[in-house]
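The data below hold one chain only, encoded as structure tokens and taken in the form predicted alone.
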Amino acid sequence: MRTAIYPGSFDPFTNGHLDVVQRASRLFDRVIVAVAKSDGKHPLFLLEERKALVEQSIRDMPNVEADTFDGLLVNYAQKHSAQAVLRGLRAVSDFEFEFQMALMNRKLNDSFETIFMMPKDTYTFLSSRIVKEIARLGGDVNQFVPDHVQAALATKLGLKKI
């Protein structure tokens, strides 16, 4: 079984993330969306809230599951017998950091590959940070996130509707 791990903080899970997961689900037998603890990033949503938002987003994809992890990604991938780690690239600016991480992961464990996937061009500008900022300022984020994520953002930020 070909298994891929798609790690990230997913704070919140966006349509760009969903696009990568949908396309990866056609390439791999099993895709695990691994929600990282990411305390250093000071996430808006708690770890279990982020996992629940991902679970609701992927519920119609039978070969995709959500999980949480803390610690080294290479250890998590090995524990789940993954052959690949998926990383989304939106722009050249993402590449340098992701390339360094891929090389370091390979140094730590050379038994799996990092696969870079670009989202659809309509999502290349999209990031969780930008979505949160638009939502905080009362902007409409419905074209950037699934409906349930939009509702969760409104609730978390104490807004009537975004």
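Owing to the predicted nature of the structure, the values given are computational and were not obtained by experimental measurement. Note that residue numbering follows the sequence shown and begins at 1.
The following text describes the form predicted in complex with adenosine-5'-diphosphate (ADP), which does not appear among the structures shown.
None of 119-127, 55-63, 24-32, 105-113 except one has non-hydrogen atoms within 4.5 angstroms of adenosine-5'-diphosphate (ADP) in the predicted complex; the exception is 119-127. Taken together, 37, 67 and 77 are entirely out of contact with adenosine-5'-diphosphate (ADP) in the predicted complex: none brings a heavy atom within 4.5 Å. When adenosine-5'-diphosphate (ADP) is considered in the predicted complex, residue 153 lies well away from it, no heavy atom lying within 4.5 Å. Not displayed here, adenosine-5'-diphosphate (ADP) is approached by residue 20 to within 4.5 Å at the level of heavy atoms in the predicted complex.
adenosine-5'-diphosphate (ADP) in the predicted complex comes within 4.5 Å of a heavy atom belonging to residue 16. adenosine-5'-diphosphate (ADP) is not shown here, but in the predicted complex it comes within 4.5 Å of a heavy atom of residue 98. Contacts with adenosine-5'-diphosphate (ADP) in the predicted complex, taken as any heavy atom within 4.5 Å, map within 34-52 to 41 alone.
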